[in-house]
Structures are given as C-alpha cells and as structure tokens.
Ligand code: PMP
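The form predicted on its own is given below as one chain in structure tokens.
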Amino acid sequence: MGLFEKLESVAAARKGLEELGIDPFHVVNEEILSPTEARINGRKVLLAGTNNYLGLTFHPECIETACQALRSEGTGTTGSRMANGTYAGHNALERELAAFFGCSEAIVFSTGFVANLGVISALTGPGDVILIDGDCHASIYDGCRMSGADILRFRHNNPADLDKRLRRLGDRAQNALIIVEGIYSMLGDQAPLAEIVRIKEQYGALLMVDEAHSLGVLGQRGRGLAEAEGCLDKVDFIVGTFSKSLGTIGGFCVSNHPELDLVRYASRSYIFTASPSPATIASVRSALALLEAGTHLRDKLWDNARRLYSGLKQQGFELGPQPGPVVAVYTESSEQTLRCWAALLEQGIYVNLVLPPAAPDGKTLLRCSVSAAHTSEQIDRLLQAFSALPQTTTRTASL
C-alpha cells in the first residue's frame, strides 16, 4: 500500500460531507466573546460544545496572573522539563497539585494526552498487563500501545468482566495496571469506581484513574470521582488535564507512590516535549486556587447540567446514562447527526458532532458540554433549539 492509499477512506468520507453541503470540521471561532459565546460565520453563537466546565477561561484572576507571567518570564520556555524548561512555577504547581489531592508526588506535563502517553508507557512494558475499560480515551489506548505491554479490554463499566479477566491472569494479576476514567467524555457516564477498587485490591493490581472530565466536577472539594466515591487514598495514580475545568492546557499525574518521580526519567513525552508556557502555568495555579476556594461554580454547573438533561429527556430524546457536564444525545445515523448539527448551528447553537469510530459501539451523537458560565436563559435557548429539530430524527420513539 502506498503512503497515501490509506487516506482514501478519509477522502471518501470528506466527499460525502461535501455532497451534503455540511463541513463540521472547519468551523472557525472568528471571535471569542465570552466563555459561552463566540462569533462563527459572522454571527453570534451560543457555545454548548466546549469543556469549559467551570467557565474559568475569562476569569479576571486567571487572565491577570497569565499576563504577569508573560511580562516577567516571556512567551515560552523553549525547552523540555528535563532541559531548560522547568521554571519555579512548574515546581510550585506540582507541589500545589500534590497538596490538593493529598498525595506526596506530582508531575506536570505539557498536555493531558502527553500525560497519559508518558505515565502509561513509563510504568509498563513488554511482559506487563494493562486492563482498560473499552470506552477509554484515545490517549490511553495510544499510551498502552506505546508501552508494548499486553492490553486487555474489559466491557465498559462492567466490574464482573474485569474480575473475570484478572482471575484468568493468575499470578500476573499482581503486576497488572487497571485504567478507567472518572467521567467518560462521550456519554458522560461515571465509572463504578468503588467496585473496581475492591476488585483491584482483591487481586493486588494497581489502578490508574483519568479524572480529565471529573476534576472540578465531582467530589466535595472537586477532586474527581475518586473523592466522590471515598476511595481517593486507594487509587494508585490519578492523571488529568488542565484543559477542562481549569480552562487552559496541560496535564498531570499525582500519586503516593514515590516511584512516580522516576517517571520523569523514563517518559519520552516528558523528556522530549517543550514544557508549558509560564502564562499557562500561572493561569492553572490561579484556576486551581479558585477551585479550592468554594463550591459555587460546581453547584451552578450541576444546576445547568440537570436542567439540560431533564429538559431534553422530557422532549423525548435518548440521552447518555446519567446527567453531568457532558450530555450526549443519540441520533439514528451519521447523515441525520450531520443534518441536526447543521440545523442547530443555523439556530446559533454550537454542539459537538460525534461519529464512528469516536462514539462508543458505533453510535452517532450530538454531544453537549455544560458550563457554570451558562445562564438559565442560555440553557432554555439550547432546549428550545433542540425542540425545533424534526420530530422524526432523534426522538426516542424513532430509535
């Protein structure tokens, strides 16, 4: 096969979109007006497809500390953490993250994707076993492949299937790494973490939880599903990102295992990637402090999430398993999903379009992301836009 032949399926899919007259992959935010509004195609649009869960992207404190860092430390580090790319701010953020989670060790990476690549591939290698939930994020899959370990998928949110696969491993289960997510990004459902912790302790395995979409969303202090389920001290490694609730970009891992510090010396994505800019680090630190300061943003987020979920349910849409900051609306086919997405954008509403293979089980979705910055009026506007979609396209009765 020639280098470009493997792209022929991509070309065919793009041609199909052109024939429909819909291009969802070149949407440009021409002007960002607020955490919840932008200008797209020359018109004001309500943003209901970002992961800006706490609405912190325009928070004055985050912007001001980022500006101060720009002025005092410049636009970028121009080096990796192992070279010249570790500034005082990087170390301070690691200490603050460790304290926030009640852990002894923390590492900051350049992105959440890079964090998963680096941690998984450094901890595991040929001869090891990784057991991952079937709906895990692409970065987790890629980190597993990069490691060279044996990869076993267990059925999504199915502790019994995980138990069966660990039992079959025999003594190898004691050196296995289990990976799940706090909130799964496509359907917005949560892992049955307490049961998974019980199983991992039974077999002596290690557990890594990706709290990318649950940081700032779940738990009394916003520390994610592990805190909400009361098993924060029983999770071996927590990874996450700054690009959701904390409103910027970057990734991290925290742990009470002192060996986490050695990951720095074994992680290619840590050693060979330029470190986050000083402005980014400063903004994350401010956002983390705001997260620790109270629950009002999280409370508002959940009010909005429940309002949207219940409203769409009442309209007859088939939704993901539970309310949360990610509200997934099932659709019948790729073509219907595209048409519904375009119809919403025409009404001034931007949501995410999810087509196979990104959607679980080959399904198609319209994926809404809720923010604490959304007003009640904006949630009502979003519900009104969905109600105007054709009755025969996405309602439960037609599925």
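Note that the structure is predicted; figures quoted are calculated from it, not measured. Heads up: residue numbers just count along the shown sequence, starting at 1.
The form predicted in complex with the named molecule exists for this protein as well; it is not shown, and the discussion that follows is about that form.
Distance criterion of 4.5 Å from any heavy atom to the named molecule in the predicted bound form singles out 250 from the list 247, 250, 188, 222. Here is the short version: of 113, 302, 100, 141, the single residue with a heavy atom within 4.5 Å of the named molecule in the predicted bound form is 113. By the criterion of a heavy atom within 4.5 Å, residue 269 is excluded from the residues contacting the named molecule in the predicted bound form.
In the predicted bound form, residue 175 stays away from the named molecule, with no heavy atom inside 4.5 Å. Not displayed here, the named molecule is approached by residue 241 to within 4.5 Å at the level of heavy atoms in the predicted bound form. For the chain shown alone, residue 212 is a contact residue for the named molecule in the predicted bound form, at least one non-hydrogen atom being within 4.5 angstroms.
In short, of 306-314, 178-186, 84-92, 287-295 it is 178-186 that has heavy atoms within 4.5 Å of the named molecule in the predicted bound form.
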